[in-house]
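Structure 1 and structure 2 below are two forms of the same protein chain, each written out on its own as structure tokens.
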Structure 1
Amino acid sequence: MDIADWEKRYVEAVSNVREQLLNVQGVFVAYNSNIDAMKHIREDEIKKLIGILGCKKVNERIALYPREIKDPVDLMARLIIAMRDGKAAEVPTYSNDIHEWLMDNLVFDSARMGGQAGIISNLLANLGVKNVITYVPWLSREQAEYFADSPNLRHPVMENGELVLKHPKEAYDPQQKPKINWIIEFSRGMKFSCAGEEYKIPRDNRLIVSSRPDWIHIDMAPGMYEHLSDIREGIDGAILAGYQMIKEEYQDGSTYKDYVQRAVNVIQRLKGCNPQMRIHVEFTSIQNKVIRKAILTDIVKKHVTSLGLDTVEVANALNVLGYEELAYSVINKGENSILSLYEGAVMLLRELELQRVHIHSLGYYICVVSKDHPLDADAHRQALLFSSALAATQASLGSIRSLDDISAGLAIPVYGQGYDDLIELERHLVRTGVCTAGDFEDGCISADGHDLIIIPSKVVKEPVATVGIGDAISAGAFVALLAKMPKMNICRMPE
């Protein structure tokens, strides 16, 4: 297909998914939600911060590649690394000092809903999903104000020993402090220098300074856990995110192993009498390799059906699973990077025993699906196209208020470079005998033990904001698949 044919496919897919979304009974979304302090940094502000800290200190810290932000020099080093590479990054900080320093020297432009689970919950509610149950372990009054004011969005609370569902604005803990992250966005083409090193930013992207105070726990109160069965009849699947906030050790003597097991217990409780329930985990940048591996091997493997990642996250996952050479090839900007990304997706599918791996890269999305997935390749392609239109809407408007907004995303043209990348992958697969050119024509290929679905995406050249685009991609595709899934009411007792 040429680009014009892909545009027609987009229109057909969006129309089809829109009609089917009402089939989704509900989605459970957890855990991470926070308030994002948004800052679009300018060239003069970059120079100002470098001047305050000193180029020599910053350059020395860049060479050390800090995995945690302990002071402003760490912050500036990781910001310059992200800008130099044009790649998104999320780096934790365990001190409130960084927030105070940024407030003194930068000041944010605006505040909005942050955190994968929070963003996804609002998105699904605004898309009109009938029942969105969101769960945030640290729901504060301030945080609750950032949830969509929609009757189909509710949060579980325990009252008199029973689980009840209320809007987050009626379910918050009045004693809970808010969690505030800084999102520092930068624009392609900006230039600056430091100690003789000249930088030109190659791509719009951002650095997330992720606040990790001591009271952050990826957990669920025992009473609520025991009553999860009360909500699972009302949901078709779950999207789980925020596991990156698990720590190796806690002040009370517990370790990451305790919280990993609790996370698994929640998944098992959700699946309950329906082991086929769709469970999607949204991955993210995780600096700690011990936690990164534990999430993949102990939470994701065998317990969930679907995993969503971007290119850098694929490389990080492959690295801790022992595929260092393939990981390096994935992030290498050479002509074979798309081939390595496909091979990496297949490796994750097999290594983690998943039914689906969804990867979004600039210009195209790759999805590999196991043969035992109940939906065919065409359904997965429609889901990817729908999610790409949603992402383009998010990028062009900055937020999605209703499903009608998707017309803005459809108006964005298919990205030419992404289409060219698809052709490169086609040549490789034909050359190696995986498929014929005719097989690849529609972006769906049946290979050894899996199906490959790949689409060229729609890319907004000058996005209003970059935060939430990846969440729109993963959540949009997942809910589109739920809309197409055959319904299994095996939890219901016979009358």
Structure 2
Amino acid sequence: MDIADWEKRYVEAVSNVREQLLNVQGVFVAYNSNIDAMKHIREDEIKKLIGILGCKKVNERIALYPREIKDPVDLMARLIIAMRDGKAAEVPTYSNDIHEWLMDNLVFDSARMGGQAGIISNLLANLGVKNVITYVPWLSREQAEYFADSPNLRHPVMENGELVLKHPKEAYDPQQKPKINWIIEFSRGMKFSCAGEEYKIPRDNRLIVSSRPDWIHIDMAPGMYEHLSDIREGIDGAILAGYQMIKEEYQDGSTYKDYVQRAVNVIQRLKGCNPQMRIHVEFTSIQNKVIRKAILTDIVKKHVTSLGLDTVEVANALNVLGYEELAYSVINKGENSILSLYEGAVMLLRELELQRVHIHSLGYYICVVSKDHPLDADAHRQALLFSSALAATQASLGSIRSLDDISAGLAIPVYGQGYDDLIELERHLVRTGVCTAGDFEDGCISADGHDLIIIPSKVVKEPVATVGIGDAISAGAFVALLAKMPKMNICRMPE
């Protein structure tokens, strides 16, 4: 099948999913919303900041590779590492001092909704999905301002012992402080020097300084947790993200184990006795390996049905699950990396007892689906195509205001390199007898108890923005699948 055939499939899939989207009753989305302070840093500003802190200090700190930002020198060290390598990075900071220092010395260009759950909630609301229930454990007045002004977007609040749903602007806690992350973007070609070292930035990318003040808890008030069953009937599935904010230890003596247990309890409450409830977890980079492993083996495994992640995150996940060699070949970028990615996806599906693993990469998406998933490979492929058109829309417009915007993404051509990678995988699978070329033509094979669906994606040459595209891909595909799911009778479970 050539690229022109894929383009036809795109048009068909988008048209189908558009018609079906109103079948979705509702989606619950939690936990992480924050305010993103965006700053596109200029060459003169980098030089100014280095000047304030001193080259020697910054250079010594680069060698130490700080995994947490404790002071402005740590910040500058991680920014220079990200710029030197042209790689995206997200580094936590646990105090408010960095925000204040950046406000004094840099100031942001603009602010917008950030955090996977916040971005996904607004996206689904803007796409017109009925009943988007968003939940942020730290909903402040400032945060509420960044939610889409849409009547289909609501947040639970407890009133007189009852759970009621209100727009976030009517549901915030006036005492709550806002969580503000900094996103410092840099451009390819910028040059500067520090302690005799010359730097030339090889790629556009960004450093995210993720603020994690003490009051960040991935949690729910007990009263609300007990009433989750009230919203169960109005939703077909949930998208959960933000577990990376769980800490190993808390000041009150509790540990990550307590928060993992609470996270599992929330999922169990949402599912109730409805085995068809779809639960998607959007993974992200998690520096702490204890937490990364606990999220995968204690929250995702057995409790979650679907997992979304990018290629680096696949490697990170495989690494803590004990597949170091496979993890290495996934990120090695060699000619076999797409094959390793496929093997890695299958490994995650099996190890974590999932029904679906969706990996997005620049140029193609790979999805492996277990045999017990209620939808066929064609439905899964349509969901991926829809999500790729959505991602291209997000990349070319910077935001998605309504479902009609998707025509902008649809107009972006299929990425040639992604198509070539897909052909590479096909050759390998045919050569090793896993499938025939005919099977692969459909972008799917049935082997070893799972289906493989792989599509070439649409890639925008000069994206307006890069943050949140991965979230749009995962949420778009998940909601498209919800729209295609046969509707079940949902039982009410006695509490």
Ligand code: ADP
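Between two forms, the rigid core is defined as the largest C-alpha subset superposing within 1.5 Å. All values reported here derive from a predicted model rather than from experimental measurement. Numbering runs along the sequence of structure 1, starting at 1.
Matching the description of the form predicted together with adenosine-5'-diphosphate (ADP) is structure 2; structure 1 comes from elsewhere. Once both forms are overlaid on the rigid core, the distance between the two CA positions of residue 466 between the two structures is under 2 angstroms.
The rigid-core alignment places the CA of residue 42 2 Å or more apart between the two structures. A movement of the C-alpha atom of residue 138 falling short of 2 angstroms is seen between the two structures when the two forms are aligned on their rigid core. Overlaying the rigid core between the two structures leaves the Cα of residue 81 displaced by 3.9 angstrom. Comparing between the two structures on a rigid core frame, one finds that residue 62 has its C-alpha moved by 4.2 Å.
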